[in-house]
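Below you'll find only one chain, the form predicted on its own, shown as structure tokens.
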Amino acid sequence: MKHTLRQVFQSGKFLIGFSIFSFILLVVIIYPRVITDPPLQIIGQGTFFPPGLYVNVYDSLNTPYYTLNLPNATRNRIASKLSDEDRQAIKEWLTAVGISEDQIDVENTAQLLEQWANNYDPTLRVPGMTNARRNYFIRLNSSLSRLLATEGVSIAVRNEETGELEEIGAVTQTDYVNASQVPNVRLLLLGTDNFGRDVLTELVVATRVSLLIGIVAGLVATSIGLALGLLSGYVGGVVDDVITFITNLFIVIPSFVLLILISFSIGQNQRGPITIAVVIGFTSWVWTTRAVRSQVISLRNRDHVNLSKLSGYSIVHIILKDILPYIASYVVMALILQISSGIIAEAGLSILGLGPRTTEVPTLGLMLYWAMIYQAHIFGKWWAYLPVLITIALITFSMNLMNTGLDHVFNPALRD
């Protein structure tokens, strides 16, 4: 056993796959103990907040200010607040008043604003421009004027007696606060999803649930496939014919179609993660059965098996003692592939809206489903779906690497 494990961990492919999978498991185990927020807790009153460090504005007003004279601060602030739509609108106006497109660089913020200031005239009637479009340019000019303002802003509170606003402070454009001194600061490495929930926290818990679904589905499928394959391959005869007929019947009917029909018939309220895992397992045992059966047929006439038959051992004893140990490595590899396919099957079901209940715990498939129905891929909100796709890819990639590494260790033909 010790020699076998040493051989397994000397396989480069298995070691890489095992390392990736172990890292995912460590994150799944450790992260919820550090960040204890519920995965479905709504923290953002809005949808798809981009990743970043979020500082409470109200608390930052009561934090000590520091004056920093940064030469590029104003330019960076203006460049970040001038959207691509505004830049194209400025270019449209400048082109309409006769400036060549070659002289307009929408990426050069300073030059673009200078051209706008020198050429914009709200009283100018551009031929072919509608009133709605003209009003848009007036509003754009007002927003640009505020953006280019050099004065600060006043902080005022309403006097309870007079009802008038009284200035209690001011914030200039050179005032900065130290983020570590602000009481309420939240780092959202992956932003929020369409419901305003922390994507990273949701992703970690979803990975844990999807792994659980994959493991349960893999165990169910491998157990059924192993039992039927051993029985069919060793006993043969009528038993083999019946099991082969049932196996061929399941092969004719696509397993995913059968999975969809069963999941739909269960109903949303009864579709928990374990239920979905068991359903996936009951529809995924066919190929394991066929593979185990072929292995057992090649083993049942070996000398050590015939010796056990002559010694009067029972069928159960022969299968467990003389056949199963020889295909144990193959069963482990089949289990790894079944776990991987179980995770992918759950994701496919959830994208169709037939996954586990959406009100209890997230899964990787449910996160993709939410991102899809709220059109995150259309609006460019990559953080809502891309980390999920990468996580699924890493899990399946690591498991396939482990499976390939085991195959090289236990398959003499490949090893040579």
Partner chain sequence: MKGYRKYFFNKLVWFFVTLACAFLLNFILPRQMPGDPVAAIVARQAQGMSNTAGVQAIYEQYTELFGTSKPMYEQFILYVRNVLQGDFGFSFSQYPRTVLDVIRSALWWTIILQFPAIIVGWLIGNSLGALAAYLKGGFDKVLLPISIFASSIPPFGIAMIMLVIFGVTLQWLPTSGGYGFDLIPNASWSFVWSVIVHYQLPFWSIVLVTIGGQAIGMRSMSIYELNADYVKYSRFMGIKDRKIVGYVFRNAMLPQITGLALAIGTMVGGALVAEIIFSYPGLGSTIFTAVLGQDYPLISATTLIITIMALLANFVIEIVYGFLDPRIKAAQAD
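Positions refer to the first chain, counted from 1. Remember, predicted model here, so these are calculated numbers, not experimental data.
Just so it is clear, the following notes concern the form predicted together with its partner chain, a form of the same protein that is not shown.
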Check: According to a 4.5 angstroms non-hydrogen atom cut-off, is F48 in contact with its partner chain in the predicted complex?
Finding: no
Check: Does its partner chain get within 4.5 angstroms of any non-hydrogen atom of F282 in the predicted complex?
Finding: no
Margin query: Check F397 for me: does it contact its partner chain in the predicted complex (non-hydrogen atoms, 4.5 angstroms)?
Written below: yes
Next item on the list: Please run the contact check for V361 against its partner chain in the predicted complex: heavy atoms, 4.5 angstroms, yes or no?
Entry: no
Next item on the list: Using heavy atoms only and a 4.5 Å cut-off, determine which of G152, G169, P254, G196 is in contact with its partner chain in the predicted complex.
Entry: P254
Notebook entry, point to check: Of the options F137, Y120, Y330, W287, which one has a non-hydrogen atom that comes within 4.5 Å of its partner chain in the predicted complex?
Noted result: W287
Note to self: Heavy atoms within 4.5 Å of its partner chain in the predicted complex: which stretch in 230-238, 209-217, 178-186, 255-263 meets that?
What the structure shows: 255-263
Margin query: Need the contact residues for 364-387: heavy atom within 4.5 Å of its partner chain in the predicted complex, sequence order, or none if there are none.
Written below: L368, Y369, M372, I373, H377, I378, Y385
